[in-house]
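Presented below, as structure tokens, is a lone chain in the form predicted on its own.
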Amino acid sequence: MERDVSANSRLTIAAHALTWIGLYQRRGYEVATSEQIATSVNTNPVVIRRLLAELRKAGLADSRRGAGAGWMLTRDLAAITLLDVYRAIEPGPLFALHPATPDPECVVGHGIGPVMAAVYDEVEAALRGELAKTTLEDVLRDVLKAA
């Protein structure tokens, strides 16, 4: 089943790319090219470069230009959580309220915003809490176990 790249798959692709770079560095290589990473992810290297640029801004990855160009982690996999990755690529809220204010004279229109905002706050707090519990070291460990 072919799917478009969405916010949820961006987190997966970013975690994949960083975990792959971490494993590659452990195997003795200093930097990884976006082409190499893209092969593992099965996507275009441009997608990887754009995502890694966001991760670089967040301090999770860095790049080197010129001879021996490529991407590297700025810290160990054990020091990067899925929440760090999520915040780097999805800094905004998970859910949003109406783009236009609902009719305040309608009982549902008047009350829906605060009710949904409270639910969304709880959902986002739970999501962030779960993502904070898992490091990319955990991801790599489980990937290697499954291999």
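Position 1 is the first residue in the sequence shown; the rest follow in order. Because the structure is predicted, anything quoted here is derived from the model rather than measured.
Below, we refer to the form predicted in complex with a further copy of the same chain, which is not included among the displayed structures.
Option touching a further copy of the same chain, based on a heavy atom within 4.5 Å in the model of the complex, out of A53, A78, A69, V115: The option sitting close enough to the partner is V115.
Contact with a further copy of the same chain in the model of the complex for S40, defined as at least one heavy atom pair within 4.5 Å: yes or no? Yes, S40 lies within 4.5 Å of a further copy of the same chain in the model of the complex.
Would you classify R65 as touching a further copy of the same chain in the model of the complex, given a 4.5 Å non-hydrogen atom cut-off? R65: no, not in contact with a further copy of the same chain in the model of the complex.
Even though the partner isn't displayed, in the model of the complex is G28 close enough to a further copy of the same chain, meaning a heavy atom within 4.5 Å? No, no contact at 4.5 Å.
Does any heavy atom of E122 come within 4.5 Å of a heavy atom of a further copy of the same chain in the model of the complex? Yes, E122 is a contact residue.
For a quick check, can you give me the residues of 104 to 136 that have a heavy atom within 4.5 Å of a further copy of the same chain in the model of the complex? The stretch touches the partner through C106, V107, V108, G109, G111, I112, V115, M116, V119, Y120, E122, V123, A126, L127, E130, L131, T134.
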